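Presented as structure tokens, the chain that follows is alone, the form predicted alone.
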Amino acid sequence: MNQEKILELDFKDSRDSYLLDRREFLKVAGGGIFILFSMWDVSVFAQERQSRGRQGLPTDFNAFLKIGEDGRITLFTGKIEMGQGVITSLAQELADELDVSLDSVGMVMGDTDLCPYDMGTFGSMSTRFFGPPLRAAGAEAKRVLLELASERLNVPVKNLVVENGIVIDAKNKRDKVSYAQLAKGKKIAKHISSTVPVKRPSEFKIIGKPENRRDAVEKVTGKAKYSGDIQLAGMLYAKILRPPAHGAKLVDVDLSEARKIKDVEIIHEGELVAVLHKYPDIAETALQKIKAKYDLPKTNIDDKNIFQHLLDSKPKGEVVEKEGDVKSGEKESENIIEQTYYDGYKAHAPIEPHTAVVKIEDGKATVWASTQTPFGAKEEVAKELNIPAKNVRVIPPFLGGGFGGKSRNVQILEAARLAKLSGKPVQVAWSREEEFFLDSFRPAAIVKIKSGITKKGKINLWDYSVYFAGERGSLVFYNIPNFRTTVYGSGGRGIASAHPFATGPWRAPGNNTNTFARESQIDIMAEKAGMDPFEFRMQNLTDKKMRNVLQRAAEKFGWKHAKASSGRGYGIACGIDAGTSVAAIAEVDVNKKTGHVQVKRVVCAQDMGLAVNPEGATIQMEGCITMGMGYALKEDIHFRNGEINDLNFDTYEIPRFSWLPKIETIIIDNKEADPQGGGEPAIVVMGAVIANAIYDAVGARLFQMPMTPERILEALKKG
């Protein structure tokens, strides 16, 4: 192979709009070896969606890794880092395939001028779908380097080994050459070959080993940069006039007092009223002096009657799964149980509110923003500013939490619009009140279940209807001969018009609601059958992965079910999310006088296939368990006529350190299986496992989340 030869990249699978960017990238990126790969070509997820007649994922995602002249490895990925840890795990996968140290791999994430197109970071898809082609690219890069080394050392490739970025002649270890030496002075671009094998689990040196977060030191020392830390010359801070309620219309506005403040710039264009100043506190002071009148909505919809409103507004149902005959199953069942479950609206409440900085210069816009969808933001900003998308660059710094809520880019468009109107760089940073008012909520939802069991305790009927939570987590994994799952409002259809404000994905969208309903129903059925909740589940499970995680959790917990009389109870719940099977067992203490619940202990086991970074996976499980206690016990949005009554953490209570139980996690060692999602599965079981433990403790069955002290006391009164 001629070392001076440049291997041409095949762009036939790329979008024309990205073709120039890729070639320009190679021109300006300097010397080195570049491996380009298509990450979604064989996406199982895309095939599954297409098999149901739905829009599949695109198949044109091209990506890069670069081996630089200095030996540094750079991975360019459209994924972003918002606390889930892919900044570490993706680097581990690449380092292992290349046989280099983890420290030698740098990450460039989400920069739309440098990184490949990506649909966004959500759904626990980064490791599942980006990981396999990334590893293939690493294997391809290593093959190219071995061929170059073979020529340089005049040694057959089969006689070469790699140790920490050094290619060595296995028969004469004095003959060696580094990756840096091989890459120096060259520019080689190569598309991955499907024939290059990746490492087997027995060959892993870095994959599967626990690694601390690579961004940990930056974050705990305050050196990490977020969108709100971006400061540009001449930048103005914007404060925007907000309506008092969703659906309110601006009738009149008096800006005279605000105009008296020195150096304040006021923009009033249609419904947009904003004040800008070089100091954010002065901009806020000016905003408070604006007098506005609104035409307020009178929908009479509130957090009390929302569920009936949703049922009255439901779209046509879609049967997403069916087997056997539910009517026959009902006739053959000894006991029939019908229950309805409710779940209120939840806020994302990230510690970092939505923030964006936009600078427009020479017809080009640069955006620094807290966004899970930088490429979506790129297109939206281009449309807002009426400029070509190639003239927009989005750079996402670290995100201080997203949970699905930073998939929409409202604050980015606000900043872009104000930057255009003012002619200066503008930062829009939502206040905590704006965060609660403007962000989308996890949708309120209802689940209705009719189920039946035989005399022997076998589930024979499962007729499941979910309204507005969607399909995720609703599908059957228990062994049931007659079942039907009907979804009302699947995939967002029919949802927007029913809710009084914007709704959207919230960590494991829909699955928290669905698992709460399903696993509560399973416990009710177990009691009807006179069986232990663990034994009832095991009797009705043939799924090997699920049986294994449930068994492992029970062994770790020391499960011995006996009815508690002291206010302390135990609960079980199982779930599947993002391809990962999870089971949890919890111990709670319930105060019968106050209704207060203290979760004392949680044991959680999950099978996520290959765990690329067990330390990162453990952290995610612990985070899910902690966050899950919030939606289960306290988090609820109160509203009326479009007005949100919870605008800060004084009334919207998220988990505190005083809540924390003893948390024990189990990650099943399953290195031979493909990696699955790890950022969300453990959260889906928390509502159900706590509900079942509460019932075990005090005999109060809760059918609505959150399970507040007031609702627990009410359930106790009902007996």
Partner chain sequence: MIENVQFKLNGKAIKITIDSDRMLLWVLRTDFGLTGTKYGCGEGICGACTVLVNNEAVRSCQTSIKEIKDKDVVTIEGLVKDGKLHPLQKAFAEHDALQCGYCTPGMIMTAASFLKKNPKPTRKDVIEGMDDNLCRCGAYNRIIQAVQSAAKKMNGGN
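Positions refer to the first chain, counted from 1. Predicted, not measured: the structure shown is a model, and the values here were computed from it.
Although it is not shown, the form predicted together with the partner chain is what the next lines describe.
Q: Identify, from the list Glu622, Asp254, Asp175, Glu151, the residue with a heavy atom within 4.5 Å of the partner chain in the predicted bound form.
A: Result of the distance check: Glu622.
Q: Exactly one of Asp303, Glu527, Glu379, Glu615 has a non-hydrogen atom within 4.5 Å of the partner chain in the predicted bound form; which residue is it?
A: Exactly one listed residue reaches within 4.5 Å, namely Glu615.
Q: Looking at 401-409, 337-345, 575-583, 93-101, which lies within 4.5 angstroms of the partner chain in the predicted bound form, counting heavy atoms?
A: Of the options, only 401-409 has residues within 4.5 Å of the partner.
Q: Do Gly208 and the partner chain come within 4.5 Å of each other in the predicted bound form, heavy atoms counted?
A: Output for Gly208 is no: heavy atoms all beyond 4.5 Å of the partner chain.
Q: Would Leu114 count as a contact of the partner chain in the predicted bound form, using a 4.5 angstroms cut-off between non-hydrogen atoms?
A: Because no heavy atom of Leu114 falls inside 4.5 Å of the partner chain in the predicted bound form, the answer is no.
Q: Is Met82 part of the interface with the partner chain in the predicted bound form - any heavy atom within 4.5 Å?
A: Judged by the heavy-atom cut-off of 4.5 Å, Met82 is in contact with the partner chain in the predicted bound form.
Q: Using a 4.5 angstroms cut-off on non-hydrogen atoms, would Trp430 count as touching the partner chain in the predicted bound form?
A: Yes, Trp430 sits close enough to the partner chain in the predicted bound form that at least one of its heavy atoms falls within 4.5 Å.
Q: With the partner chain taken in the predicted bound form, which residues across 656-672 come within 4.5 angstroms through any non-hydrogen atom?
A: Stretch hits, in order: Arg656, Phe657, Ser658, Leu660, Pro661, Ile663.
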